[in-house]
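Presented below, as structure tokens, is a lone chain in the form predicted on its own.
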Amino acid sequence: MSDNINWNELSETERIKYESNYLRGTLAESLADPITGSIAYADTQLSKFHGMYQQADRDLEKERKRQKLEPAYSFLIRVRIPGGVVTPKQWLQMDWISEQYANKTLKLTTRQAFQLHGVIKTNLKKTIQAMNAELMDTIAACGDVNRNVMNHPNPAESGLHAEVYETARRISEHLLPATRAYHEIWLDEKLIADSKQEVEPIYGDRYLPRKFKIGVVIPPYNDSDIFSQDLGFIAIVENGQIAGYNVVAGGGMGTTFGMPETYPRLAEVIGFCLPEQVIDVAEKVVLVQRDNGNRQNRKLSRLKYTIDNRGIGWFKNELHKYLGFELPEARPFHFTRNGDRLGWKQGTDSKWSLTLFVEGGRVADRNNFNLKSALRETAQQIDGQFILTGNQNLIIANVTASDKKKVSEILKKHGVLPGELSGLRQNSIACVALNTCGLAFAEAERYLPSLVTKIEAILNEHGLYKEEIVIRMTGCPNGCGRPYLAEIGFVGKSEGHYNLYLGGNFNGTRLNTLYKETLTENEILAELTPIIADYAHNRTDNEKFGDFVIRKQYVKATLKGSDFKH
């Protein structure tokens, strides 16, 4: 096949994938090399398919260079957890792994997954084997494949949670790579004698042109930001049952400064499918992207660009060819919000679930706020589930009334009993950014909490402290924290400077718009102060902040992704 491929026209990663012997490459040799804390360049691309990114501590960069030392390399590891659901035993195992092999914290991601930071090369295999011991893995948590499948997280909010979770789990399992490379390299499975005999029935020998993301939601809650996904399924509930799913396709948040041809885009509703058709639809959308996505320029390779370059009509026709049938028209639905509802809630089965705010998704013991210890003790004492949400929060789910009392007592003992939060803070998201992300231009997770505190003072002055406003910050324009769907969005431009975006809406169905560029903190506060004052005095009944700034023409609504300005 390679004789028919003009590699000069394709991105370098395409050749790396093709020549990798189905994701094996020289990863085993790189791991065994004692001379460096890094792995070979080609292997850094392949390691993503195994759920990890090579990083370096940027706080130490200058000092390491001064001492003529290589960067302080370590690895980020993501765990594949469809729907974010883990058992208390699995939570305890992740807690133990983070203490033993990582930086002693857990990061809850915006894709309902765990991230570990600071894992050095010599501990990678031990880390993955420890996960495997509790039936967790990192397969396809990153890379040019379908990644962790998201779904509505709270079983107390819908008796249909178990059904959509099973849907998400089945999609995830169906779209896993077939290669045994992961099991051979990390779990010591015997190497296949001639692995070129392997076949990737869905992905082929070059996998997808780029990453692929899928989510499932139950209206009225859009807590997986369904329109940010490459592919989404919106549960249509009729007479208390899931009649089927509206299918949405073509979402994606990533963009690149200086490249106006890149932009965030909302997925479009393309039809309806029955519950038994979901796996087939998911597979065939992936196949359309596999066969038609851009493999020349990785910055233009997501499904959103395939659709915009060829047209939504073409995409639907092509999908119908792959399916062998046409999707009927979508059915009505309505979203009210895309954030989590914090606090205790009782489900129809009388079980209780607590949605706990986790700032920046970082589970740690800091400043007498001993969240990690509290959750460890909780996992040791209760039955139920731990469910990670798409907004970096945690649900202690499906507990009895007696366990509910235990949880509250444990949280109080460790100083983390849920207290009063501003409406702004409880709707905040921040990506990791500095010090470990190599793509970050500015801080996000380490900075947003203090900026929120300063904005809270302005809100409080105008009687808006409890007003819910979606605020998100990322250290670069790649969009991991979905900043372009926020009512107030910040994207790092350089150290201490951010682009300010306004006008997303509260239910995650509209992109925001660039308001001002390259602002310092003082400039951010100066810009927001009069807008917040205007909102306090001139909003209409129940008008949300994102809608207000558009009505008052602070910004114009971004109606489609290709109109988005950096």
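Note that the coordinates shown come from a computational prediction; the quantities given were computed from them, not determined experimentally. Position 1 is the first residue in the sequence shown; the rest follow in order.
What follows is about the form predicted together with a small molecule, which we do not show.
Item to complete: Find out whether any non-hydrogen atom of Lys351 is located within 4.5 angstroms of the small molecule in the model of the complex, and reply yes or no.
Response: No, no contact at 4.5 Å.
Worksheet entry | Partner proximity in the model of the complex: Leu124 to the small molecule, non-hydrogen atom cutoff 4.5 Å | No, Leu124 is distant from the partner.
Discussion item. Test of understanding: in the model of the complex, would Gln55 fall inside 4.5 Å of the small molecule by heavy atoms?
Written reply: Result yes; Gln55 sits at the interface with the small molecule in the model of the complex.
Worksheet item: So, in the model of the complex, is Lys213 in contact with the small molecule at a 4.5 angstroms heavy atom limit?
Response: Looking in the model of the complex, residue contacts with the small molecule include Lys213, since a heavy atom lies within 4.5 Å.
Worksheet item: Going by heavy atoms within 4.5 Å, which of 454-462, 326-334, 408-416, 74-82 lines up against the small molecule in the model of the complex?
Response: That would be 74-82.
Discussion item. Quick check on this chain: which one of Cys273, Ile97, Ile387, Ala141 has a heavy atom within 4.5 Å of the small molecule in the model of the complex?
Written reply: Among Cys273, Ile97, Ile387, Ala141, a heavy atom within 4.5 Å of the small molecule in the model of the complex occurs only for Ala141.
Worksheet item: What is the one choice in Gln115, Ser428, Asn338, Gln289 with a heavy atom within 4.5 Å of the small molecule in the model of the complex?
Response: Only one option qualifies, and that one is Gln115.
Worksheet item: Even though the small molecule is not shown here, does it sit in the model of the complex so that Leu106, Ser373 and Ala397 each have a heavy atom within 4.5 Å?
Response: Result no, not one residue of the spot touches the small molecule.
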